[in-house]
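Starting off, we have a lone chain in the form predicted alone, written out as structure tokens.
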Amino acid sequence: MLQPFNYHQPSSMEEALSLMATLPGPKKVLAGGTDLVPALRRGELSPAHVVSLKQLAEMREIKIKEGRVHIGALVTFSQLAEFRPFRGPHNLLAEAALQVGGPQIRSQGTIGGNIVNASPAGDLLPPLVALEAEVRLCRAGGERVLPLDEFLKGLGRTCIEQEEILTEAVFPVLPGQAASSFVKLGRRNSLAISRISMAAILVPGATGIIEEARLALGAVAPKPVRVPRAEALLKGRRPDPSLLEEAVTAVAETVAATLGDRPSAPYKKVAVRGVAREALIKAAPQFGCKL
């Protein structure tokens, strides 16, 4: 049952920031509402004020300018999946967006909500960490930009302050020859919460040797984790089945060290091998080719 609260629907960013600065008591921002509304109904949250961003059209845009991608916080998962420029090097974003819930959730849920919710199983978080994204936080009279990895503090925790609104995620455009992928393992084939996921970005050189590799794991720690050992193994080498198994082993060892002795550890230590193998082969099919 919903507890009473004051509902505000500003028509401009300036008005929204003013409300966040001046409203007394606890307050929450409403974007898509796919996480906030259920939490309100369960009684997990009881804000005095809810500030809706639904009328702020400028936050629903995806822009590519000056070598950087800007994704507004109100961009939905459906928008991400349908954005044609994300079908090339940035394909991991479209793949992750399509893994979120069902069509209704994807058409309503937003990237900003997924970030601020800070769930270890959040599908968009590993791709954004692999893309080395930053988030822009605005407040009345100023703003700050933080690396996403720094913004995320753990299970359901971020460093956003009461007066701030997350307005966009920003990351550098990948080189045209880059390839990427996202693989998620859940308890079922659809509408599943991630039990483990991996985002992979590979940038090959002219001769096919990997010049840069970025791997980010989800649902194995309180927030997404990069896999520097596996990234270093891949860099400077040509994709083949032997290198694939070396990288998969390095990923599995990272997961084992991260999980420790928690109850899910035995399952995830094994399952991550299949997830990592699939993600790398999707990004570079040569990993699956026999020598």
Partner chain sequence: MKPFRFTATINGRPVDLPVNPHRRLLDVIRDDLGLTGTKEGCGEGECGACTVLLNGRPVNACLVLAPEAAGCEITTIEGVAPEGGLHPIQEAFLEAGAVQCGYCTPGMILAAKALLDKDLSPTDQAIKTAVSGNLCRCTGYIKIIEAVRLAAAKLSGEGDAV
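Here the structure is a predicted model, which is why all the values come from computation and not from measurement. Numbering follows the first chain given and starts at 1.
Beyond the structure shown, there is the form predicted in complex with the partner chain, which is absent from this document and is the topic of what follows.
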| item | value |
| --- | --- |
| In the model of the complex, the residue from 228, 33, 222, 266 that sits within 4.5 Å of the partner chain by heavy atoms | 33 |
| In the model of the complex, the residue from 106, 214, 195, 136 that sits within 4.5 Å of the partner chain by heavy atoms | 106 |
| Interface stretch in the model of the complex with the partner chain - options 173-181, 78-86, 138-146, 125-133, non-hydrogen atom within 4.5 Å | 78-86 |
| Contact flag, residue 262 vs the partner chain in the model of the complex, heavy atom cut 4.5 Å | no |
| 4.5 Å heavy atom contact, residue 42 to the partner chain in the model of the complex | yes |
| Contact of residue 9 with the partner chain in the model of the complex (heavy atom, 4.5 Å) | yes |
| The partner chain contact in the model of the complex: residue 285, any heavy atom under 4.5 Å | no |
| Candidate site 94, 99 and 121: all three near the partner chain in the model of the complex by heavy atom within 4.5 Å | no |
